[in-house]
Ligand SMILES: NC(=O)c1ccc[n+]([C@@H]2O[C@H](COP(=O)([O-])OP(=O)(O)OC[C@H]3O[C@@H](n4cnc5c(N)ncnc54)[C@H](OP(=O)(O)O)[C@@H]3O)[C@@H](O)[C@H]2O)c1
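This document starts with one chain, in the form predicted alone, laid out as structure tokens.
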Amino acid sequence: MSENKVWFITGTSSGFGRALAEEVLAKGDRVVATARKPEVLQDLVEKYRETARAVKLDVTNMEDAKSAVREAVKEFGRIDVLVNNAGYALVGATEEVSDEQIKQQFDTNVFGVINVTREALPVLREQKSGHVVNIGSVVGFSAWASLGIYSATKFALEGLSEALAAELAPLGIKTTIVEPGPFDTGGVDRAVFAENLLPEAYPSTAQLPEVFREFSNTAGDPVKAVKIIVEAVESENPPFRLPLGLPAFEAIEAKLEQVKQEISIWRARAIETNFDAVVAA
């Protein structure tokens, strides 16, 4: 039992979180499965009585984060893999979404990750080992129209994860950000739409449900995806970035090429920014 990992996974009521919990429990690892309503995880706990624990966690609530991490350590003595999975998508152009919707999106997708990670890090530091896995998105690398606020939260995770990787590597703690493309996780059904739609100005918002439906016909299998996440975590040299699905790789590669072309045009002019005295010297 001691050689098996302890996974602390947020947002395990559905989607990647649920699939990942089931995958690692089936292979013999231990899981602290968290959700705002832990009763929805009862079937998981009953099936894996010795290795699964359901814990209440609203990631936007700092007290929940503190108590959930304490419970994990109390039950299993350690945390080997922290998976920040809880989150949802806000659909709407930047002008269409309300102030409250923007706040809630960042509270969950960004500050929720920060809350839980900051509570777990002292545990990982004391162990001198561990792995932080943040579930990002391909739109955190290449944004979509009418997904601007959601994309902004996932871009924030990219920056946070890069900094974490640099901060934690000397401490023996690894960091991975997962960048999935479209997967059949039910996330589209849980998406929240803007309150103040302006269809004449922003037809992209009205078009997104159809785009989502088209993606649903070719979306990836989350069960296969979580197997790759587990494989990456258990590899000798885990990746920092882990895109999932061909659409994710294609979008990221296209974005990299686009950025390279864009910055090259102004490079010669833009690097001439030293003070004249420095240039003369």
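Since we're looking at a predicted model, the values are computed, not measured. Residues carry their position along the shown sequence, with the first being 1.
Absent from the display: the form predicted in complex with this ligand. The rest refers to it.
Using a 4.5 angstroms threshold between heavy atoms, A86 counts as touching this ligand in the predicted bound form. Mapping the unseen interface onto this chain, G187 counts among the residues with a heavy atom inside 4.5 Å of this ligand in the predicted bound form. Although the partner is absent here, V59 sits close enough that one of its heavy atoms falls within 4.5 Å of this ligand in the predicted bound form. Although the partner is absent here, G92 lies well away from this ligand in the predicted bound form, with no heavy atom inside 4.5 Å. Figure note: of the listed segments 73 to 81, 169 to 177, 132 to 140, 203 to 211, the one touching this ligand in the predicted bound form, with heavy atoms no more than 4.5 Å away, is 132 to 140.
Applying a 4.5 Å heavy atom cutoff to this ligand in the predicted bound form picks out T108 as the lone residue from 90 to 115.
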